[in-house]
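There is one chain below, alone, in structure tokens, taken in the form predicted alone.
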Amino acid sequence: MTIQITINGNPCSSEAGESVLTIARREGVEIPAFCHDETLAPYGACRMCLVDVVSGPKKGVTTACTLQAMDGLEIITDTPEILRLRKVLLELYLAQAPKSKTIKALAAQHGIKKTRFAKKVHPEDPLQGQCILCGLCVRVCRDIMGAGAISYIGRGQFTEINTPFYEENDACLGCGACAQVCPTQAIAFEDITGTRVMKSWSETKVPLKQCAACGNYFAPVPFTAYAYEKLDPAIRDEIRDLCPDCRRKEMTRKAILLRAEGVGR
């Protein structure tokens, strides 16, 4: 059902129950957010998407990602109080992730160049002083990929994200989904001669699948097995062990042969 909500005085059409953050971005209203991804359920962990509800069942400051659209809802995204809260949050994130270019850039947009808060970053931090503990990597690994290879470790100011006991974890699929969703590009991995090394996750090593035709390594073995199990119909045996380029060539070759056979008849 289509309904009407108001963002910063402008009427917007949406579906009932749709995330206000999603609606705002669709309408060109920029609301910062670090812990939001459309593939995951709303979480509200980073608090950056705070908005002020001025008309609705529950007025006051809340997160746009968890706020669902309902007819007559009216919000403002940039009140003086909202901007003040965002600046405080950005100072906290500057302390948490002092090496993050993403955090520095957004902070600068809000006039923040330094932070009143302090946190010691270990020089050998596997997340390169860029992690803000938004939890997207943990959630995509657990909820989307079903691996659960990483999790929160410690409490309070000592909280970190890594593999259990900081040891290599064979539950890792090597898919790189964690790096894909990371808003601060804190997660690093590298492919080295047939092995994907998850540098951020205790140097966990995942074997890469080798193309049966060209010999190039093209995807992590456990992730390939996971993906093939999900395919319906199943991937054909003749292209199962081929890299994308060789697979495309083989399919093209077969299509040409089939066409030639049809012409021959």
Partner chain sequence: MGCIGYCREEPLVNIHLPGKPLIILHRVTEKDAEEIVRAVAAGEVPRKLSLCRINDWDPLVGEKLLFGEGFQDVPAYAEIPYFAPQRKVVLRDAGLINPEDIDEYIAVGGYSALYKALTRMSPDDVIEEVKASGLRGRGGAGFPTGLKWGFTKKEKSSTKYIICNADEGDPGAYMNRNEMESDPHMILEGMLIGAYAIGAREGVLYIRAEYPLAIQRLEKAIGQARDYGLLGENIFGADFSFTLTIAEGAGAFVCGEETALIASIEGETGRPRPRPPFPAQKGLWGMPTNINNVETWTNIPVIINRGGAWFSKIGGERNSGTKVFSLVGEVDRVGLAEVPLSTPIRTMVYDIGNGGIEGKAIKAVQTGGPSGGCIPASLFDTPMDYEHLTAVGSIMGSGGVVVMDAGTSMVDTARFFIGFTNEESCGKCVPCREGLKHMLMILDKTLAGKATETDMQTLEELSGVIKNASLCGLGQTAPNPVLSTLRYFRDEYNTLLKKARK
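Please read all numbers here as calculations on a predicted model, not as lab measurements. Residue numbers count along the first chain shown, from 1.
Not pictured, yet referred to below: the form predicted in complex with its partner chain.
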Region of this chain that lies against its partner chain in the predicted bound form, out of 71-79, 156-164, 100-108, 180-188 [heavy atom, 4.5 Å]:
156-164
Given its partner chain in the predicted bound form, answer whether the residues Leu21, Arg26 and Ser55 all have a heavy atom inside 4.5 Å of it.
no
Would Gln96 sit within 4.5 Å of its partner chain in the predicted bound form, counting heavy atoms only?
yes
Ala118 near its partner chain in the predicted bound form, any heavy atom under 4.5 Å?
yes
If we define contact as a non-hydrogen atom of the residue within 4.5 angstroms of the partner, is Pro222 a contact of its partner chain in the predicted bound form?
no
Is Thr66 close enough to touch its partner chain in the predicted bound form, meaning at least one heavy atom pair within 4.5 Å?
yes
Note which of Val61, Cys214, Leu40, Ala227 lies within 4.5 Å of its partner chain in the predicted bound form, where distance is taken over heavy atoms; exactly one does.
Val61
Sequence order please: the residues of 38-53 with a heavy atom within 4.5 Å of its partner chain in the predicted bound form.
Pro42, Tyr43, Gly44, Ala45, Cys46, Arg47, Leu50
